[in-house]
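Shown below, as C-alpha cells, is a lone chain in the form predicted on its own; questions about how it binds or moves come after it.
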C-alpha cells in the first residue's frame, strides 16, 4: 500500500491522536523518563519538520520522532546515555545555533492495527528521507530491541550477537535495520533512566514490590532495582546504537 508522509508543519492536528497511539503501545513505565518528560513534547514546536506520521487515508499508520544534532567524533564514541543524551544534545545545539550533521531517531511507534505489515521498514525509510531533505550525513538510532524484554537476564552485549538459523539477527527490530543496511555500532547501556517511588512502579506495572532486590518487569529489557527503605525503583535501559547511511 502507498502511505502518505506528513510532518508536523503540515498536520499539527495529528499530534493528539498520535500521542494516544503512543500511550496505547508503550509500557506505562517507559513514558516516565524524566529527560523525556522535560523535552519530548517540545519536539513538535522546536523541530516540527522532523516529527512525522505515515497516513493511510485519515488513519495514522505510524508515528516517527527525530532530532538533528552535531557530532564530530567517531560514531564508536557515541555516549552510553544514548536516547537521553541525544534529545538534550539536539536542543542544546539548536540553542547555540550549531549546525547539525546527523539525524537521531527518538521514537518509532506503529499503530496496533498496522503491526506485522512491514510498516517499521517504511518508517525508517521515511526518516532517512527527512534526513536527506535536510542535507544530513547519517541517521543514528538508539534502538530498543523488540524481544530483549523476553530475555531480561541476558546481557544485551550477548543478546545482539544472537542469530537465527538463516544467519540473520535474532531480534526482529534489529533485523529490520540489518535488512535496510543499518550498521550496529555498539551498545549504549544507559540510554534511559526511569526512577519512581514504589507506589508509582506498582501503578505502572500492576505488580507489588515487598523486598529490596531486582525484579523482572513485563516490558523491561533488564531487571529493575528496588530499594524499599529508600522508596525507589530504578530502571536503567540499555539500547543499541545503529547507523544508517543517508544517500
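The shown structure was predicted, so the numbers you read here are calculated from the model rather than taken from an experiment. Residue numbers count along the first chain shown, from 1.
Missing here is the form predicted in complex with a small molecule; even so, the following discussion is about that form.
- Within 4.5 Å of some heavy atom of the small molecule in the predicted bound form lies at least one heavy atom of residue 115.
- Interface membership of residue 125, defined by any non-hydrogen atom within 4.5 Å of the small molecule in the predicted bound form, is ruled out.
- Taking non-hydrogen atoms only, residue 103 never approaches the small molecule to within 4.5 angstroms in the predicted bound form.
- Proximity of residue 179 to the small molecule in the predicted bound form falls within the 4.5 Å heavy atom cutoff.
- Contact with the small molecule in the predicted bound form, judged by any heavy atom within 4.5 Å, is made by just one of 130, 156, 119, 139: 119.
- In terms of contact with the small molecule in the predicted bound form, the residue from 98, 147, 88, 75 that brings a heavy atom within 4.5 Å is 147.
- Highlighted residues 69, 79 and 134: none comes within 4.5 Å of the small molecule in the predicted bound form, counting any heavy atom.
- Only one of 24-32, 183-191, 43-51, 206-214 places residue heavy atoms within 4.5 angstroms of the small molecule in the predicted bound form, namely 24-32.
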